[in-house]
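Structure 1 and structure 2, given next as structure tokens, are two forms of the same protein chain, each shown alone.
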Structure 1
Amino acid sequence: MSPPATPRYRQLADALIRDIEAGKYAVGALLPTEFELSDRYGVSRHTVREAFRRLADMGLISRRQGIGTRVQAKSAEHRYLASLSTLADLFQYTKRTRLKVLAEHEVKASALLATMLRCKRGQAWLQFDTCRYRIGTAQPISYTQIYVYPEYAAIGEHLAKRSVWVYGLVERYYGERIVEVQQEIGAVAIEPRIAAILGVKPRSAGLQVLRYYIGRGKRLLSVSMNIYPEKRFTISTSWKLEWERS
């Protein structure tokens, strides 16, 4: 029996991958055109496009109408992805939690705050100090400061009433879509005021998670700053290899 014949577009794709990895086509350079390759390998343009599609999926090339096909990366080897099916998965506790709003006030960004919120000094923000509990327990999981634009003041109402997530409110009530979330994780000594709220020793170790919620056109929509006490919470992420060598 013949070995399970590999399709032509696959063979062509593999050949191109080899060429790119061998440096025959440098990163940033243009590959031959579809017609050119179709000619050179004696296959139809359709087959070339199918091969290109594969390379594009792997992130090896990028294509632009009127320009051509450009090499984007030398290897698709080590590309690892982590995925969230919902933004709520960023917060990995179960749904059985409740948000309590401790305070709400309008603030003008001090120098320190301006750095954290990535804005100019004096920029006005609406700040919520909140606390999250597992339902049925008195001990909080986390302390959170949430910043939104003052225009979004109405969010305060909803936030107090229903224990939801801010980004959800921003999406629902202001028609903004959260396109990107930047997350910064560090360790901090929990300052006394917050330690009291969380019921831990002042200056004990805590996880600080800063999140920037970004909408269409790089517009910063909201910022949140979470503090999790030691041992009460860990963040886990799973990175998976996207493509396996054929």
Structure 2
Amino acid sequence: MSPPATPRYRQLADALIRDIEAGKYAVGALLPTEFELSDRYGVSRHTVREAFRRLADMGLISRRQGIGTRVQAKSAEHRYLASLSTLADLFQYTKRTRLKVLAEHEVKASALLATMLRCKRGQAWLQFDTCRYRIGTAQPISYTQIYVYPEYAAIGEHLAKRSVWVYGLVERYYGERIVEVQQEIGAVAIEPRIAAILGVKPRSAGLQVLRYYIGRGKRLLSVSMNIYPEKRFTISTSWKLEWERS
């Protein structure tokens, strides 16, 4: 699978983030105007505004009408923004992060786990307990449990590699094709064991994201259960209306 092209607003946002982190734009300084950045990078002002919106969501900048766009922080390490509207977005998210495998074991689905995994009670799964990090940082973005069929065990030796896409491994080594991802998001109190791994207080607020990776013929190939601590991760989603042409 070849990586999809990165949207231009993200390329611009990444360039501005590098400049801020390198000190080109100090905390408290004003960034160039939309017009200046549009001219400098050869992009539309709409692209610049989208890049600014991304940096604002990350807490790096603030915007005030009549004043301009000011740098608020040098690093966005404590919050990660993921714009996940397509499978391509999800692929890009995994490219900018890394996994650390904490444990690997085979489990049989209890009644509770079977409900979460949408499977029959007693079905066998291979479970990987992992943490996901933004590349170059030591603070985990999330605690993630990945469930795949036991026959996919060989992917385990590849999980610790940089920028790995777990479900791309299933496609590459087992000939499967992911055609749909379903996502369920809800608030949770982070249980003590996971809180200790993430370095947060037990029962503190968190975001639980379940993702179901579905192949051809509606076959469920894998499930991931992701726990994100409060203020460390933001999911941004956008929808475009398709108007019927007369």
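Structure 1's sequence is the ruler for residue numbers, which start at 1. Between two forms, the rigid core is the largest collection of C-alphas that superpose within 1.5 Å. Predicted model, so just to flag it, every value in this text is computed and none were measured.
Working note: structure 2 is the copy from the form predicted alone; the remaining copy is not.
When two forms of a protein are overlaid on their rigid core, residues whose CA moves 2 Å or more are considered shifted, and Tyr213 is not one of them between structure 1 and structure 2. Once both forms are fitted on their rigid core, the CA atom of Ile135 lies 2 Å or more apart between structure 1 and structure 2. Core-superposed comparison between structure 1 and structure 2: the Cα of Tyr25 travels 2 Å or more.
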